[in-house]
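Take a look at the structure tokens below, where one protein chain is shown in two forms, each on its own, as structure 1 and structure 2.
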Structure 1
């Protein structure tokens, strides 16, 4: 941790400047973070617990929750497996075009969520590149679960890989190479050496991925078709309720997602703390 700067008066600001700066930070974060979070919970419970419960236990809301959770789990599993493969190939071998490959993995971060949805409509929609081929075979991708999944996969694509690549790069390959020379199989090396070393980083990437997947709105909005009880995810359900002036119900569902966001922050902090511990542990053991 940082040494207390207050002990060295010539290396910090006068007390009144410090107080003003802390005041500015509390004001800014209070206005932009604390107030919006508070208003969600106040509006959600304003009409009473009964109204809140009715809104979140509504069958349509339940369907939206189940759809969101299904898509999130699939996203974390698929993008997690991809992240592991990509990180293994990129950090354990030297090959031509590696830098370019890393840039391509980052690409979805630069794409607007709306465009992330649009590209799948252009590919699989009725007027899309593969539209006729799909409709001949009666396969529905857009306005159905596959479209929602694809758009969410695109948006959350880099999360796990981005966490694992720098981590595995820093870890080096000495232990794995030693295990190989001693005759361990690739799978054993991965399971016994690599995975224990990267488990917190992997979990961290999965947390970020699931938070984004659960809350994705723009991309899903384009591909879902907003069919109530069928292709509505929880964020889309919140939008529909809001636009129908069912504010209490809308904020009730929003409070569920806000609670999950707060849990995400707690989990993220915990994993960051464990990762720091892990690293300082590695430094102290020769």
Structure 2
């Protein structure tokens, strides 16, 4: 019979080893996470709440906030649809090149965001491959909302798909096949069986996507043109304020972006808890 200690190898480690490892983790988090966040909020409110509010309610800052939120919402919707389609195709069908498709989905993790932004400039810029065709039709992509959206979509599209693919593979197709045998349509199967089983994974991927989209800097910096009040997202606006030595305003806007990130973290933790609850329920259900 196995002893409880043998079933839990970490209990065999000396107490001093556990304390050192926990201390290293807490020290690392304190130095690279909690300390920078603390500095951001302290500097943001150092000059008073009035200065903070003036910075975040400035028309240029407000436009940057609206642009960031707009791009984030569009990315979540489009990447949610793409993630569903990609996960469905990969987990439910057999076809040549499936492994290559999965590798392509992971491509943004390997490519620098700056390089991805440069690629869009070379494709859709005035001197790019499609520049003349777009110019003849008075279509502007680079230095406009479409270019910012494309760049952000590129760096965020793996998140939903990579969350759903292993989840749908683990669930299998038995329930869907049983419903099909009983005469259910494809839409009914998706709505009544597939979607309820993956809804928390889908929401989790969308939260990760939104967090990445809100903070994206490199790709957007290349395609935006840094036009104040027109194509600057919130991260770009913060950089401009800091470079102009408007430290109070830059930290005020940075605190707003940090607050959005913290809210995203809370939502992510809640979804993780609900996912664990859902999986535990499935395991206990006969």
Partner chain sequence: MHFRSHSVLPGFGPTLGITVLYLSLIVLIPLGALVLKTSELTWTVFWSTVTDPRVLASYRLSFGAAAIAALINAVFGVIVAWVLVRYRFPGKALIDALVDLPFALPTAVAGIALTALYAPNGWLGQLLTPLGIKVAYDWKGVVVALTFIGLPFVVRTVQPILEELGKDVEEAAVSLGANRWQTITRVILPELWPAILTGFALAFARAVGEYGSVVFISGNLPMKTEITPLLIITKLEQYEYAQATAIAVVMLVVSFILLLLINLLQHWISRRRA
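Numbering follows the first chain given and starts at 1. Note that the coordinates shown come from a computational prediction; the quantities given were computed from them, not determined experimentally. So that the term is clear: the rigid core is the largest set of C-alpha atoms that superpose within 1.5 Å between two forms.
- Structure 1, not structure 2, is the form predicted together with the partner chain.
- In the core-superposed comparison between the two structures, the C-alpha atom of residue 35 has shifted by less than 2 angstroms.
- Shown in the overlay between the two structures, fitted on the rigid core, is a CA shift at residue 26 of 2 Å or greater.
- Superposed on the core, the two forms differ at residue 17, whose C-alpha moves 4.3 Å between the two structures.
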